[in-house]
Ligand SMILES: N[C@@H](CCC(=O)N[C@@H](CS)C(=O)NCC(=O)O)C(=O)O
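Starting off, we have a lone chain in the form predicted alone, written out as structure tokens.
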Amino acid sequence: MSLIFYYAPMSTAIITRAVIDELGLDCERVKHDLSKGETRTPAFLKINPNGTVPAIVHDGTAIWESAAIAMYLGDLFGVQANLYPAPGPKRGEAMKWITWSNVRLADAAGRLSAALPAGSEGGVEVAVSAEQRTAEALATAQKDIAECLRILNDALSGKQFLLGAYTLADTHVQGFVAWLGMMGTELGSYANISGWLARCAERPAVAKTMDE
């Protein structure tokens, strides 16, 4: 098997790294510096025309978007490792949470990141318009994040992890929630989320990303 992982620090590629490490996959790791435009080179754009990380090339086929990568690797390698459900309702539930985190939660988190003052922890430093960095934009993002966290907190009621046992859905979703915490979002009032994050942090693959 040939697997190449393209990543950059402080990006959603951290989540993909945790997925790869959870599965114990050997791969070539290629680091890119976003500030130097290394994901906008002709060579990289042939791999991902969006010019973003994460991306993987598995046996010659390029796959991008962290949700797609998590589900693809989960399907190939996660079932046997008891980290991803076999086809059926539980598989659909895992896909639901992975996709939700990339679409609804990441959208709100991205707007929060853009609205934070320049230089803030987790904030965006480039390509932010004046409209994105206003008090109103910040308040709207915070309101939407609070609703996402309510949904997640309710879903974790009475459960150790999203599907009961730990899966790659937890690996994936916790990465976005940890990003919110890094940006100063108060998570302590969400008891189910706080306990879940602590349990996720006990996974060596997740703990490794938190140390960087």
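Sequential numbering from 1, following the sequence displayed. Here the structure is a predicted model, which is why all the values come from computation and not from measurement.
The same protein also exists as the form predicted together with the named molecule; that form is not shown, yet it is the one meant from here on.
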Only one of 46, 159, 31, 40 has a non-hydrogen atom within 4.5 angstroms of the named molecule in the predicted bound form; which is it? 40
Although the partner isn't part of this model, could you tell me whether residue 66 comes within 4.5 Å of the named molecule in the predicted bound form, counting any heavy atom of the residue? yes
Can you tell me whether residue 53 touches the named molecule? I mean in the predicted bound form, with a 4.5 angstroms heavy atom cut-off. yes
Does residue 113 make contact with the named molecule in the predicted bound form, using a 4.5 Å heavy atom cut-off? no
Would residue 11 count as a contact of the named molecule in the predicted bound form, using a 4.5 angstroms cut-off between non-hydrogen atoms? yes
Please pick out the stretch from 53-61, 183-191, 160-168, 146-154 that is in contact with the named molecule in the predicted bound form, where contact means heavy atoms within 4.5 Å. 53-61
